[in-house]
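Here you get one chain, nothing else, as structure tokens; it is the form predicted on its own.
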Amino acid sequence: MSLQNEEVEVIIKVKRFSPEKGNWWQEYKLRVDRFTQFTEALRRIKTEQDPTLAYRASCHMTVCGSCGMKINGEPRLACKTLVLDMVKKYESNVITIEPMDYFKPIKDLIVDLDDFYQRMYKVKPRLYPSEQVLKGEAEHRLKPEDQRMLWKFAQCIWCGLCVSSCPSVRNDPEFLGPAAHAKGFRFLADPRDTITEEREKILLDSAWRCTYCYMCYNVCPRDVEPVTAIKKTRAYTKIAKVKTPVIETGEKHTEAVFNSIFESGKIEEAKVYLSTYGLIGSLRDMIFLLKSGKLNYALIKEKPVENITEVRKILRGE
């Protein structure tokens, strides 16, 4: 099928919601061309077919972050996604649109983002300059190398896609979430900011609760790489004055992984687990693995890689 110069009829199935009726699917047919974004498709559905359909959209150019939703199950910005791109990718003219996961639905594709904004404001998302700067007695300047490093993390548009796809947010209420960490690190690493110690207290414990699944990396429409911000935030642990049990466990895990690779060239999971959680903690979890029939996987004996000296040179930075 040529998609270059023709209109194609597609069926868009929207997962709708109302507090009174709950969830239901509704289908809409319309013709689109290769320039039709999903925000345009939804606008046409609303104006031409069904004025009761509710969704958020504003800038239509990946700036405002208001049109986050799931398209064929993928967390995406509707304004940045072309309808025919999804037709081509999935080889189907039937496309599903759903509200973002995790957030409570309000109506159709509109979700309650209060939880998201609360997470963002917890990290104090603004610069706190010195008293001299506030009084006009001094001027802070940002070096080009610092600006280049911070620029990426300042590009967050608060769309919520990363939080909606993050498993740690669902499982750990103390985890601030990827977007808040990207925003928090943007100011933690800014040399003009004056509340570094307070930011460390807010961010460090939470940073060690991330599982590095990289979902935030995959879904971010602005390539902010929140997981990179979390990794960089963890580096501040070395200078932190206060360390929570979560931070201490994270440091043990990092050291155990390094030692395992240094000794064998591989991550020997049983050894790493024992070094991280201690004998009692490991025995407790071994009982769980035994009951679930997964203990054999934990006790696999790894063979050291050949030429381990080369691996050790890399780890020593030689």
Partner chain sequence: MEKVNYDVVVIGAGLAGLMASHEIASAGYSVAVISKVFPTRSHSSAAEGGIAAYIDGNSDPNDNPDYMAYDTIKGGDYLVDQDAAELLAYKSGEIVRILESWGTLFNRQPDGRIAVRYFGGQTYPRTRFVGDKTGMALLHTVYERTSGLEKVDFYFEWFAWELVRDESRVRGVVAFDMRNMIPVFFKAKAIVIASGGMGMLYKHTTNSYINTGDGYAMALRAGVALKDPEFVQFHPTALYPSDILISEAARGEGGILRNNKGERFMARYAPKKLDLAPRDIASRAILTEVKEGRGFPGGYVGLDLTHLGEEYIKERLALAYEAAKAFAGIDATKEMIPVRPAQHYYMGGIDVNIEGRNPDIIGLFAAGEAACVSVHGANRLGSNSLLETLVFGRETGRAVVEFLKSYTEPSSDIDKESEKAEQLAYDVVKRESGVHFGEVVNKLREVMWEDVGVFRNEDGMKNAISEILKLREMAKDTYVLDKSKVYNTEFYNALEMKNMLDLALVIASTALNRKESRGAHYRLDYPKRDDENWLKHTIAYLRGNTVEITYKPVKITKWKPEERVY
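If you're wondering where the values come from, they're calculated on a predicted model, not measured in any experiment. Positions refer to the first chain, counted from 1.
Here the subject shifts to the form predicted together with the partner chain, a form of this protein not shown in this document.
Although the partner is absent here, residue 243 is not a contact residue: none of its heavy atoms lies within 4.5 angstroms of the partner chain in the predicted complex. Within 4.5 Å of some heavy atom of the partner chain in the predicted complex lies at least one heavy atom of residue 48.
Using a 4.5 angstroms threshold between heavy atoms, residue 238 stays clear of the partner chain in the predicted complex. The partner chain in the predicted complex is not approached by residue 274, whose heavy atoms all lie more than 4.5 angstroms from it. The candidate spot formed by 263, 287 and 306 lies out of contact with the partner chain in the predicted complex, as no residue has a heavy atom within 4.5 Å of it. You can rule out all but one of 172-180, 103-111, 243-251, 194-202: in the predicted complex, only 103-111 has residues with a heavy atom within 4.5 Å of the partner chain. For the residues 92, 218, 211, 155, the 4.5 Å heavy atom test against the partner chain in the predicted complex is passed only by 155. Although the partner chain is not shown here, in the predicted complex the stretch 111-135 places heavy atoms of 112, 113, 114, 117, 121, 125, 126, 127, 129, 133, 134 within 4.5 Å of it, in sequence order.
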